[in-house]
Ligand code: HEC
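Take a look at this single chain, the form predicted on its own, given in structure tokens.
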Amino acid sequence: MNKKIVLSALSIVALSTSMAFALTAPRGGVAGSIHDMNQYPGATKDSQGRVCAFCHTPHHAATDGNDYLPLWSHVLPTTSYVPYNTATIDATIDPSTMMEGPSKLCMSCHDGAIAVDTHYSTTDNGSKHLSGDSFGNAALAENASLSNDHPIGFVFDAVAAGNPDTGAPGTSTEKGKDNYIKTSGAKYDGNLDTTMTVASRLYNGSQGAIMTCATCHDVHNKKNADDPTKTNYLLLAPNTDSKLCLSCHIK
């Protein structure tokens, strides 16, 4: 995903406080969605009723060299996160580059340390954090650990070796390759956009095209494919029949 056109970072887990939020219509846009901070009781509202202002600003945006900050106005995390690690994973994850691209923007709310209802007009007045308040418990556990979450920050095609079209296992004998992960030409099972590939949702970081939160989630609620009768997790493929998992994994 090109740094200049990559969709703003994805987030993540439904923050529902009621069934109305949990069943927010997929692809209905960000206004009124689970990422509309003005919808939550007790949150610091934007004085002009803006939705985008909690993350973006048209002027005087945060800048940091060539980093991915799409007119960003929210406080950024400074935490060093612990990556997923297990004997069964073939991917190499460098903690120093793992949060490149959209993922760190997601963590600016979802690590639980920064109030989600804070932006340039409400600095220091935001009161809601994702752990233990009216937004639910959609934040990281203690110690800023991503060790029990789906791995991000790895070069996708450095690992993937399966067939992106038929879902047939690959035949690679190369160390570190997983024949049961489709290559990035794979498409999202159940998404209305039949042209969207995993490759289009990767971020071109310093190590290559890496998986981020945005590879699975659509923060703006425009491209997602959640079942409209179930919780909207802003997923790019439905949870039903594990279509999201099977968009990449050959099982």
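All figures in this text were calculated on a predicted structure; none of them were measured in a lab. Heads up: residue numbers just count along the shown sequence, starting at 1.
Keep in mind that the form predicted together with the ligand is missing from the display, and what follows is about it.
- The ligand is not drawn, but in the predicted complex it has a heavy atom within 4.5 Å of V30.
- Interface membership of V159, defined by any non-hydrogen atom within 4.5 Å of the ligand in the predicted complex, is confirmed.
- Taking non-hydrogen atoms only, A91 approaches the ligand to within 4.5 angstroms in the predicted complex.
- For C52, a non-hydrogen atom is located within 4.5 Å of the ligand in the predicted complex, even though that partner is not displayed.
- Taking a 4.5 Å heavy atom cutoff to the ligand in the predicted complex, the contacting residues in 211-229 are M211, T212, C213, A214, T215, C216, H217, V219, H220.
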